[in-house]
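Read the single chain below, which is given as structure tokens and is the form predicted alone.
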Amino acid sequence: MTHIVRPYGDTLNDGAVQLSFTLPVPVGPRGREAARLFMEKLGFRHAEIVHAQALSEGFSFYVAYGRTEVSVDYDEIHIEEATGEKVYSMNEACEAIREKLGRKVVIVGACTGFDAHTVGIDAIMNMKGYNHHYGLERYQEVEAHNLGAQVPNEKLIDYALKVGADAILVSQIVTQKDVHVQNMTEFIELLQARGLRERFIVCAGGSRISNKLAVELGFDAGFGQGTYAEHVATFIIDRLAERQGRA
């Protein structure tokens, strides 16, 4: 049995899609027509430009509507997340640490490279957390160290060694030209060059980070949109317990 799905706007399965994009042309009738033709070449029917705005000289922004016949089989989609169905609450995480590990878990995190955005690492690490989900600093059985932003990969590794960290969290928000992939790859290469890859549990996070991408780059896990400190804590605790044979 298949479960075919396609976008809809007013009526189920009508294929309606809203799309926004920028073109390197001035705003005006020719620009709008260029945007409409672009939509048609993408395969959209009934393409309509509903908004056009000048950005700067020679550049314009468009919002378009269109309809598509493209669909996907939802039942054929399989995603491997870092954590399973069971995610510990903060209290459950602390209890699991006491029972399975018998000591505090030390976690070091930072936004590395030239990335200056701390929103991601703060949401996971800071005591107040994000969206009513407390960060790791509030977990009584976790010793959390948030180094902030623009931290060189080498410095993060050195600090993790200094405090005897169990896990390292690498946050990447800026993704233009795949700079996050380059920085994450460099981080893993540095660990391997120093013979430390198996010393730590290494996780990556960010708005465009998936578990699949992180694992492909050599991390233990990746956490993207919709994940909180609970997900990170659950993965780290269970992985540490596995290493100690107490899962």
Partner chain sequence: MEPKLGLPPERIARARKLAEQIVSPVQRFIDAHTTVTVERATLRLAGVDGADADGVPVPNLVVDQLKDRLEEGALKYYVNALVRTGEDVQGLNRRIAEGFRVDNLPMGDPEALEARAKQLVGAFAARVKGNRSHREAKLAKYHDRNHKPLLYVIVATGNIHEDVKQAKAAAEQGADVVAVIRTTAQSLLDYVPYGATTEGFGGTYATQENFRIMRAALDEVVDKQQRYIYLTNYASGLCMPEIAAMGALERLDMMLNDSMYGILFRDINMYRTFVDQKFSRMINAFAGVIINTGEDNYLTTSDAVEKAYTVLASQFLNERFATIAGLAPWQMGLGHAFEMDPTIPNGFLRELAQAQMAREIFPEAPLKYMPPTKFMTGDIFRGHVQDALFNFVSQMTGQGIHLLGMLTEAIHTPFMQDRFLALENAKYVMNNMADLGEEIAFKPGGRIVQRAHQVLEETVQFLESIEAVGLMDAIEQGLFADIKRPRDMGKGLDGLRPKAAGYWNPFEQYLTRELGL
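Source: prediction; values computed, not measured. Numbering follows the first chain given and starts at 1.
Another form exists, predicted together with its partner chain; not displayed. Remarks below refer to it.
(message) Given that its partner chain is not shown alongside this chain, does residue 166 nevertheless sit within 4.5 Å of it in the predicted bound form, heavy atom to heavy atom?
(response) Flag for residue 166 set to no.
(message) Whether residue 54 contacts its partner chain in the predicted bound form should be assessed with a 4.5 Å heavy atom distance threshold; does it?
(response) Taking the distances in the predicted bound form, the answer for residue 54 is yes, it comes within 4.5 Å of its partner chain.
(request) Check whether residue 20 has any heavy atom within 4.5 Å of a heavy atom of its partner chain in the predicted bound form, and answer yes or no. (result) Answer yes; at least one heavy atom of residue 20 falls within 4.5 Å of its partner chain in the predicted bound form.
(request) May I ask you to check whether residue 207 falls inside a 4.5 Å heavy atom distance of its partner chain in the predicted bound form? (result) Contact with its partner chain, yes.
(request) Heavy atoms, 4.5 Å, its partner chain in the predicted bound form: which of 121 to 129, 76 to 84, 97 to 105, 156 to 164 makes the cut? Say which one. (result) That would be stretch 121 to 129.
(message) Considering non-hydrogen atoms and a 4.5 Å limit, which listed residue (193, 50, 179, 42) is close to its partner chain in the predicted bound form?
(response) Of 193, 50, 179, 42, the residue with a heavy atom within 4.5 Å of its partner chain in the predicted bound form is 179.
(message) Contact check in the predicted bound form: 88, 183 and 244 versus its partner chain, with a cutoff of 4.5 Å between any heavy atoms. Do all three pass?
(response) No.
(request) Could you run down 84 to 121 and flag each residue that has a heavy atom within 4.5 Å of its partner chain in the predicted bound form? (result) Counting only heavy atoms within 4.5 Å of its partner chain in the predicted bound form, the contacting residues of 84 to 121 are 114, 115, 116, 118.
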